[in-house]
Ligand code: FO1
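Given as structure tokens, the chain that follows is alone and in the form predicted on its own.
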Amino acid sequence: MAEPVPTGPCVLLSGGIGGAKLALGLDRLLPRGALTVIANTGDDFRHLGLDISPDLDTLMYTLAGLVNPHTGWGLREESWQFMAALGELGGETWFQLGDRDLATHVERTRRLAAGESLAAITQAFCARLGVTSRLLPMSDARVATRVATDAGLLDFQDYFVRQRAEPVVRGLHYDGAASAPVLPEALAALADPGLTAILIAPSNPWLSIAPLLAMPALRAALAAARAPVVAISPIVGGAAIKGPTAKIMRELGLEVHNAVLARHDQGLIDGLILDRVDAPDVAAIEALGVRAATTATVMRTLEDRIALAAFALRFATTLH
């Protein structure tokens, strides 16, 4: 018989699609309001006059049960007449905005211009969409991920979407992160004495998680947290589950290996969860002083998401 799943408060640090899958598993598993998700906003940018928060929106749509199941981003049953009309006028169509999704960006932009904070707007949207877990941007201040490549210094969306992550990566910058204040609600959640676990989602470590960790106050809060910190690896069998994680690691001169990820977060994480196929990596990770455990980490179904969430919470309780 499986051990019971801890149901106390949990914090998840997350990027977009991969993180949203785990967030959904945790949301379905935990009591109402027990989950706090702190989302990467280094991907946020202004496009076509609109303020766009891709990771926040992916998390919000996923938790609301509205996400497009085929892409993992955007809204289900979307239409694209706006983009078609924009293309006919010669406008930029490289970043796809669905007709229904546009409402989110238009309303966010209006409310930001009226002086509301990104956190308050996100909270209001989540309430309207029936999201009961707490979704927080990592900061209300602007942080911008920029990618140094062989094609020059590129804004994140230019590198990732317009150029399809094809340029060779030479380095990464998180502009504004050093001075961006972490939301007080996020710091309070991390310091909660009843916290069961702090989980780091299987999102891209350099593009989605590093902007969060580049904020000194958030990094310090993780280091000081009494709850165990557990990361879930996005690497399975020497390749990324999704996206350019492995490509970026190779271009930065790093071996695509789970021990490299453990070394990257050494001192911050107590445990690392790997896929079963990577069981041979456990010894090298534990030699770094990081506990490792293996399970199925590829989340294809809702049941997969819930199962990984349950495993992560159980594993966290063994670390302290």
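Residue numbers here begin at 1 and follow the sequence given. Note that this is a predicted model, so its numbers are computed, not measured.
Keep in mind that the form predicted in complex with the named molecule is not shown, yet the notes after this line are about it.
This chain is displayed alone, yet in the predicted complex one of Leu24, Leu308, Ile17, Leu12 has a heavy atom within 4.5 Å of the named molecule; that residue is Ile17. When you look in the predicted complex, the only residue of Thr132, Gln96, Ser179, Gln163 with a non-hydrogen atom within 4.5 Å of the named molecule is Gln96.
For Thr149, no non-hydrogen atom is located within 4.5 Å of the named molecule in the predicted complex, even though that partner is not displayed.
In the predicted complex, at least one heavy atom of Asp55 sits within 4.5 Å of a heavy atom of the named molecule. Contact check for Thr196: every heavy atom lies farther than 4.5 Å from the named molecule in the predicted complex. Among residues of the shown chain, Gln157 is one whose heavy atoms approach the named molecule to within 4.5 Å in the predicted complex. Partner proximity in the predicted complex, defined as non-hydrogen atoms within 4.5 angstroms of the named molecule, places exactly one of 117-125, 99-107, 227-235, 137-145 at the interface: 99-107. For the stretch 70-93, the set of residues having any non-hydrogen atom within 4.5 angstroms of the named molecule in the predicted complex comprises only Trp73.
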